[in-house]
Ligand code: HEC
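A lone chain, given as structure tokens: the form predicted alone.
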């Protein structure tokens, strides 16, 4: 699985020098260390079961930036010979996932969905598609001034490792509530002495969408009194055959065990988020010319049965499919932002456009692309994305640097997309409160620049 990239712009302290070790001359205070970590997306969607079909596997990405203070200009730390940054998904343990029936469905079916992949590492621990485990070391990227771990197999938690208050997400299949906002503990160490220099926590989001619950109701309308996910799969296969070259996906048996499934949608419909540049295809079946994003959204937005019997406003009702089952994947500052006359809260479609607009503009022919995703600069013309653009999936915000030397990720100061600070979820704001005493984007100069202003303001982008 190719490494997925997603970085961000910024606003925070002053010229951070891209260096690997000693602080610059002219110290104006005692040396100290700080680390900030963020997730690359406001929510990673994941499936509840994997024996019939899968949209997205367990796959989460974390980034961190660390720096040494004590001088007017802090020093960004990326020298892996001198420093180590570790991560730990607190609620997900080997034991909790071993007792989770949904996750064990992934363990059983992952090698069928991704031939050659083993969900257990050589040390016996669970691993994601890239080999990343639930805890370990992040990898330094000196060019981008950050550390990163890609493909962590984080999964919504139902165990006693999460509190009742954290278990806010309902299960469309009627199982126990789960915690979709896991905690990553991130720590910076001196590699030579193993001394802990700084630590932080950040949110690792992973949630179920609403697809399964809706499609169980669809199965009911086709005569299944108490439908199971397998019944839903059979109905989807029948509908797929009616509309997609007579191919009934519920009859495909990729592993030859005599039982249909499991099917990976991106096997035939390219999904760049899976790290592939071409759809692998199934032997004997054609590969579609349409991306997964295109067919999925276009079908729901244009099908007369969907619009008549289920949701006539589905083009704007994003939570019908995306996690809204008390998870509220869109929870950032924009949700409470008011603008225009009359004032209104900004909804997903205000930035992305509704499905009809996106289809008409051909956005989903190039999904997850910076050419089709929203840009901060569209509204924030005075600042917008920063001066350093990395390139890659997930758009301009995630792939930009800013702030003078252009080595600060947007997310380091502003938070992850869809959860921009101040977020309506308290856990999203914990880092910024710990650093500067405010949930706002980092804007107190002294947070990074020793001896500078302790008042809140807007740093140069």
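Residue numbers count along the first chain shown, from 1. Since the model is a prediction, treat every value here as computed from it, not as a measurement.
Only in words, not in the display: the form predicted in complex with the named molecule, which the text now covers.
The three marked residues, 48, 181 and 230, fail to reach the named molecule in the predicted bound form, with no heavy atom of any inside 4.5 Å. Although the partner is absent here, residue 148 lies well away from the named molecule in the predicted bound form, with no heavy atom inside 4.5 Å. Contact check for residue 360: every heavy atom lies farther than 4.5 Å from the named molecule in the predicted bound form. With a 4.5 Å cutoff on heavy atoms, residue 134 does not count as touching the named molecule in the predicted bound form; it lies far away. In the predicted bound form, at least one heavy atom of residue 317 sits within 4.5 Å of a heavy atom of the named molecule. Contact annotation: the named molecule lies within 4.5 Å of heavy atoms from the stretch 279 to 287 in the predicted bound form, the single such stretch among 163 to 171, 279 to 287, 187 to 195, 103 to 111.
In summary, among the residues 155, 208, 87, 292, the only one with a non-hydrogen atom within 4.5 Å of the named molecule in the predicted bound form is 292. Residues are counted as partner-facing when one of their heavy atoms sits within 4.5 Å of the named molecule in the predicted bound form; in 67 to 87 these are 67, 73, 74, 76, in sequence order.
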